[in-house]
Each structure stands twice: as structure tokens, then as C-alpha cells.
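Presented as C-alpha cells, the chain that follows is alone, the form predicted alone.
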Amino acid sequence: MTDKPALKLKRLQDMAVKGRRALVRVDYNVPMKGSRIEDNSRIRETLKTLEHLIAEGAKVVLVAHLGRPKGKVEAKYSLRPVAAELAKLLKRPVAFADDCVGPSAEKAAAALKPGEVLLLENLRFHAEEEANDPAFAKALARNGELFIQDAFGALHRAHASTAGVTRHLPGAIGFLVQRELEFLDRVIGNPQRPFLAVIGGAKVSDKLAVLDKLLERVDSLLIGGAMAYTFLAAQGINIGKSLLEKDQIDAAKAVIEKAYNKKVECLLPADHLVVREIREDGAAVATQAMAIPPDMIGVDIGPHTIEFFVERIAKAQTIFWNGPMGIFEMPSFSHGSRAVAKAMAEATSRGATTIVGGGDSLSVLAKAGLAGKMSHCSTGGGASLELLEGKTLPGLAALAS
């Protein structure tokens, strides 16, 4: 996947955990509607690690974050509903502590018996978590005797629970992180060809580094979503009132030029679904060409683009997808994203390797009922992109040091 030497990381299965308190960093930043969990995928993905620890007689102490409470206690970001959901999935009680550090957390952790599970309250109720405060990391470490990193989605952040805590406890990576690293390394490092990437989302600036890296590896690149309008504008095509990052036009030109020089097929939308105003009941029409009328806004790829994107996916042996093709949250503008998801599911069924990364892309799969139809769904969009960019993730570097 990268040209750098691999980090030497200890694995969970190589650690003696019996009778010891295992502080496990998990990614339970799940989508919520009120106190109801809308998608429990991230919780389910940790079950293999938790079941191993329980079976081995560890005392399991879980730490996680939810939302962006910005260092203050906010009831809507409490992890209490997650504890209830986890108890259902594990089919055993999950204790809950109303803080992640201090007397209440330490008392609850100390009371655990082998095989029991405790979830501590939201790490981000403390500003010290994201600041990687040394005192906070030390306080967090008092809840465990060893540390297991199983939050792939948080590995690209140098926070107290991902980096700081490793200075106080012996650590290893859990099964979820192992699976993510092994899969991405094997598939991206040595893909079956043709290798195709489908990149969407709103901003070119968010994806520039990964686009640059992908052009070193892929045979074809399909660009959709709002970011496509900046690429079209870079070629002098009228995009109407669609989202445009003016300061990224030169960068978009450079991507197109690099694709040409590398002989990578780089495809942009040939038509679009457009509206005068973005709203649920807005009347959408398809353009007849790449250009968008001056008074219209692009909200999805058009039917012709859907057709040839699907054709390209059908011919590929390895497909990586990150980012929706339009404003998928509104059903009327989700056709392109759903078509990509369906085409990837069909590609998987015929033997292609399909990888999906990024929360929005995973939401598309969930809404389309296709989450289980891919070869691999990465639980961390940001982390998977940074790995593709060739970066060393802070959460892994801390464990390896």
C-alpha cells in the first residue's frame, strides 16, 4: 500500500489477557435519531474482538466517542443507548459509567469480574481528549492494565485515547483494525486488474491527496458528486449555480493532466440531474450534455453518466468507492449513488473485489440494503483515505513506538 516499511504492531491474539482489565478503544460514533441508533454497523464490527476478550476471561473496559460535544457534557451525545444496544448484540449485560475518567469510572472498572463488560461515557465530554492532554491520557489509562486499539475510524487522530494512553499501557491492535489493515494493504497494494476507483463527495480539497495517490495505481477513475463540478469548470464547462471550489481549479487541472500522462482513464459526468432550488420536492430534470444551465444547480449524476459508470464497474476486477454521487440524503437525488452501490454489489457477486470507505458511502449502502454485499466496508473513511495517501496513522505509530 505504501513504500514505507510496515509498522511492527502487536496483535490481540498475541497478548495474555486472562483476568486483566483490557481498556479497548472502539469506534461507536454511530448515527443517532434522538436516543435511537439508526445503524449499529460500527458496534457489530467490534464483536469479534469483544467476544475473544470475554472468552479469554478479560475484564473489558470500552472507551469511545459520539458526535462533537466539544468538551462539554451534552445528554444527546451520551453513550448510554450504545451500551444498551451492545448488550443486545453480546447477549450479556454491559455496565455503564457516567464518566470516562475519575472516581466513578475507576470504581466501575475495578468492580469488573473476568468476562464482564463496561462502557465508559463519551470521551469527548472532556476537551482534553482531542487535545491529547498527558494528564487525561494517564487518568484514562488507570481504567486498564493493557490497551487494545480497535477503533480504525479514529486512528488518523492523535488523541488521548488513541495516542496518549499508549505511553502508560502495553498495547495491541484488535481484530477489526487487523482486518482493515490486512485487507487494504493486500487489495490496494496488489490489486487484480482492471482496478477502478469511484470518488465522489462535495469537495475536491478533501480528496486531492488520495486522487494523486490513486492515479499511481488505478486503471480508471470515475469522478462524481459535487466535486465533479470543479473538475468540469477547470475544463471551461458551464456548471450553472453548482458548488464550485474556485481555489481548486488549478489542482483539478493537475489531476486531469496527471491521469492523461499516466494513461489512466479519467471520466467526469456527461450529464446531470439539476434543480433550480435544493429541496425535497424540487423538480429535477436531466441535462442533455455536460454543461449546466446558468440558473440551475447540479444535485446528482445524470442517466447517461449512470449508464457508463455502471458499465465501467461491471468490467473491473477491483473497485474502490469513496463519496456519494449526489445529494443522496434526498431520495430524489440518490439515483446515482444507489446505482453505483448496486453495480458494486453485482460486481462482488461475480467475483470482483469491492471496497467501500467513508460514512456517506456506507449510508448509501445501508439505505439500499446492500451493506453486506461488498467485499469490504471500511469503518473509517478518513483513516482509509490517509492510508491510501501513504500516511502513517498516529494511532498506529503510537502503538509501534
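So that there is no doubt, residue numbering starts at 1 and follows the sequence shown. All values reported here derive from a predicted model rather than from experimental measurement.
The form predicted together with adenosine monophosphate (AMP) exists for this protein as well; it is not shown, and the discussion that follows is about that form.
A.B. asks: R124 near adenosine monophosphate (AMP) in the predicted bound form, any heavy atom under 4.5 Å?
C.D. replies: R124: no contact with adenosine monophosphate (AMP) in the predicted bound form.
A.B. asks: Taking heavy atoms and a 4.5 Å cut-off, does E182 contact adenosine monophosphate (AMP) in the predicted bound form?
C.D. replies: Taking the distances in the predicted bound form, the answer for E182 is no, it never comes within 4.5 Å of adenosine monophosphate (AMP).
A.B. asks: Would G201 count as touching adenosine monophosphate (AMP) in the predicted bound form under a 4.5 Å heavy atom rule?
C.D. replies: The answer is yes: G201 has a heavy atom within 4.5 Å of adenosine monophosphate (AMP).
A.B. asks: May I ask you to check whether V299 falls inside a 4.5 Å heavy atom distance of adenosine monophosphate (AMP) in the predicted bound form?
C.D. replies: V299: contacts adenosine monophosphate (AMP) in the predicted bound form.
A.B. asks: Just give me the single entry in A226, V218, V255, I313 that has a non-hydrogen atom within 4.5 angstroms of adenosine monophosphate (AMP) in the predicted bound form.
C.D. replies: Contact check passes for A226.
A.B. asks: Only one of F231, F309, F147, F328 has a non-hydrogen atom within 4.5 angstroms of adenosine monophosphate (AMP) in the predicted bound form; which is it?
C.D. replies: The option sitting close enough to the partner is F328.
A.B. asks: Which of 77-85, 126-134, 159-167, 318-326 has heavy atoms within 4.5 Å of adenosine monophosphate (AMP) in the predicted bound form?
C.D. replies: It is the stretch 318-326.
A.B. asks: What residues, if any, in 241-268 have a non-hydrogen atom within 4.5 angstroms of adenosine monophosphate (AMP) in the predicted bound form?
C.D. replies: Result: L243 alone.
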